[in-house]
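Next up: just one chain, as C-alpha cells, the form predicted on its own.
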C-alpha cells in the first residue's frame, strides 16, 4: 500500500483530498464520551492542512443515543482541534459541490453521515463514483471500518489515486506483529461471544504459548468441560474446538462473581449452583491470569472480562493494570476494552491501542481486510 505521507508536496498542494476517517465516537448524555478515534486521525489532517490541501472528511455515525448527524462532532472538532473546519449537512449533493468549489488550501470540510444514504452499505458503484468525483485523491485513514465492503472503503478506490494514511499503516504494522509475535506470547480474550473471536482463536492458538479466556465467552468452554454454569450467558450454537478445549495452554476462570439476592459473592467454578449467573472473573482467576502473563514477551488482549455495562469491572480493571505494568510488548483493542482503559486512564500505558474492534479481529484471523485489498488492488493497476 502506498502512504499518503510519501506523496510530494507538489502533488498535494491545492488538491482536493477525500479522507475516509472513523468519527463513529461513543456518546453519553448528548456529549462525546471518548475522542480517541478523532485524536488518532489528527496527525494526518494537520499534515494535509500544512501542505495546503483541500481536505474533505467522510465518515459514518451510529450510536445508542440516536444521534445520526455530524453537527455535534463538527462543533466539537472546530472548537477543540480544527478551527478551519466547516460542516455540511449533505454527503455528495449540490450543497457539498458548492462548498468544495469555494475551498482554499488548508480548508477542512466534514460531510454528513455516510450511512444516511443506504448506498454506502450496499457498496453501490454509482454512489462510490459520486463520492470519488468530489476529490482528486482518496486516503483511507479508517482501519477500524476496513473490514466492511462499503462504498467509502472499497468502492471509491476504484475511481481515484488511493493511499493509506499513517494511522491505517500503523494499525497494520502493529497487528501484523501478533502474527509473528516474539515468544513467550500470551493471547488474552474476553467479551460476550465466542463466535466473533473463533477465527482469531483458531489462527493464533498454535502460535500462542498461553491463551487466557474470560468473560461470557469462557462459559462455552466451562460448560463443554462439564461445569455447571447456571444461568450464565452461554452463546447458542457455538462449540469450542476439541483440541483447544483439551489443551494445557488454555486457561479458564477458576472462580467468578455472582449475585445472590442483591449481594455480590465470589464462588469457585466447582461451587456454582444452577441458579447462579457469572458476571465477572473472581480474584483467584485474576491472580492466575497475572501469573501466566508474568514472563511473556508479547501480550495481545481483546475483550473485557465482566458485564461492564452493569458495573462488573473489577476483573477487567485489574487485568488492564497488570498489562500496563508488564515488561512485555502489549497490544490491546476492542471498543468495550478501550472503554475500560479510558475509565481508568490507562490508554497511554500500552505499546499500542488499536482503534479497531471487528477490524482488529478480522485482520488477525485473515491477515488482510477488504479495505486493505482495495488499496493493494489500486496499487497493482
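Here the structure is a predicted model, which is why all the values come from computation and not from measurement. Numbering follows the first chain given and starts at 1.
A second form of this protein, the form predicted together with a small molecule, is not displayed here; the remarks below concern that form.
The partner is absent here; in the predicted bound form, the one residue of 37, 349, 51, 317 having a heavy atom within 4.5 Å of the small molecule is 37. Among the residues 210, 115, 192, 290, the one placing a heavy atom within 4.5 Å of the small molecule in the predicted bound form is 115. Mapping the unseen interface onto this chain, residue 22 counts among the residues with a heavy atom inside 4.5 Å of the small molecule in the predicted bound form. Contact annotation: residue 197 falls outside 4.5 Å of the small molecule in the predicted bound form, judged by heavy atom distances. Taking the partner from the other structure, the small molecule in the predicted bound form has no heavy atom within 4.5 Å of any heavy atom of residue 135.
Within this chain, residue 128 is remote from the site of the small molecule in the predicted bound form, having no heavy atom within 4.5 Å. In short, of 102 to 110, 183 to 191, 143 to 151, 71 to 79 it is 143 to 151 that has heavy atoms within 4.5 Å of the small molecule in the predicted bound form.
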